[in-house]
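Take a look at this single chain, the form predicted alone, given in structure tokens.
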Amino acid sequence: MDDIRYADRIVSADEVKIAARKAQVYYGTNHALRDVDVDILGKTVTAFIGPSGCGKSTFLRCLNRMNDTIPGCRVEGKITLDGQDIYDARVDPVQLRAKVGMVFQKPNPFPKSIYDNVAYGPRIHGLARSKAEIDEIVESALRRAALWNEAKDRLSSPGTGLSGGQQQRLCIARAIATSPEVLLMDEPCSALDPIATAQIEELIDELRAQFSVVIVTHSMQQAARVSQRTAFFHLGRLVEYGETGQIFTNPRDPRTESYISGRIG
């Protein structure tokens, strides 16, 4: 892959973690997403913003093949992770989702203990050979999700017994326990109160030292706070993509400017 020239900078090929070229999504005959070209960088938080129904969550689900689970959904074009086409027939979607973890809008801990929620992925992917190794992975994931101190004395308690913000951090711990390279977050704070939201945002900033983080958010303020790069979607198209400060202060497309100023959306 050659270097890519964006309006705000030149991106070298080795910085790119995920690349999409002419990505299309169809739900039956509905052409939901059109011609998306984007390069998502390593160790960076990328925010997808845009009005409801604009295609941002649809595109996010393309990045770990979650759209495979939707009847009648078809993805065309090319999406690569470290240069490998993730829609190649030889790619196992289950293994892909271990590399590209996902956190959903509503906290959805399994009806299991806190420990078993985090241990689930490493067990099914064979990432540990002993109970001691699983213990280590669980503790490490809970620490990285800033939940260890609150959970260490109640690991056998149900994950569903935690507060909303704690449940979302548990879901983040569950997602990172398989040591993914990319973490996708689909409006991870929309069901949380302001204090829990602030904790998750702080955590996202810490996680980018280890992962590429892609977050869909309906909150432009959140995108401005947590991301380094922002993609604006509108009516099923990627309108503009660039450095977050530039997108919010000096957008190049009038549609972006209209959305950010509140005239559309």
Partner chain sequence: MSLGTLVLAVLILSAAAFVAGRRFALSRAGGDPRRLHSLPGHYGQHAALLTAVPALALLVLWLGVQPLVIELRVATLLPATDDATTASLAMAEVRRISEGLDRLVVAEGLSDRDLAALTPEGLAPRLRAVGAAVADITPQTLDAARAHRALQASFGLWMSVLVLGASLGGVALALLRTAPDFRARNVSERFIMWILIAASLVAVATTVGIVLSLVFETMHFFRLYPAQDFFFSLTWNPQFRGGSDLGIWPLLWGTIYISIIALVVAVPIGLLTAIYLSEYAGPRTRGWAKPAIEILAGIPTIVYGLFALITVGPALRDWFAQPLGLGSSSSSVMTAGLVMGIMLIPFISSLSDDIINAVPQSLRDGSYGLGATQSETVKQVILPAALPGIVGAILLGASRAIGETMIVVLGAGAAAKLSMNPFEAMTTVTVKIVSQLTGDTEFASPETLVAFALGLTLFVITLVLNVLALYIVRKYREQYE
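Positions refer to the first chain, counted from 1. Values in this document were obtained by computation on a predicted structure and should not be read as measured data.
Omitted from view is the form predicted in complex with its partner chain, to which the following refers.
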Contact with its partner chain in the predicted bound form for residue 87, defined as at least one heavy atom pair within 4.5 Å: yes or no? no
Test of understanding: in the predicted bound form, would residue 100 fall inside 4.5 Å of its partner chain by heavy atoms? yes
Could you confirm whether residue 175 comes within 4.5 Å of its partner chain in the predicted bound form, counting heavy atoms only? yes
Residue 195: touches its partner chain in the predicted bound form, heavy atom cutoff 4.5 angstroms: no
Sort through 30, 221, 69, 52 and report the residue having a heavy atom within 4.5 Å of its partner chain in the predicted bound form. 69
Which of these stretches, 135-143, 187-195, 72-80, 154-162, has heavy atoms within 4.5 Å of its partner chain in the predicted bound form? 154-162
Which residues from 78-116 come close to its partner chain in the predicted bound form, meaning a heavy atom within 4.5 Å? 94, 97, 98, 100, 101, 102, 104, 108, 109, 110, 111, 112
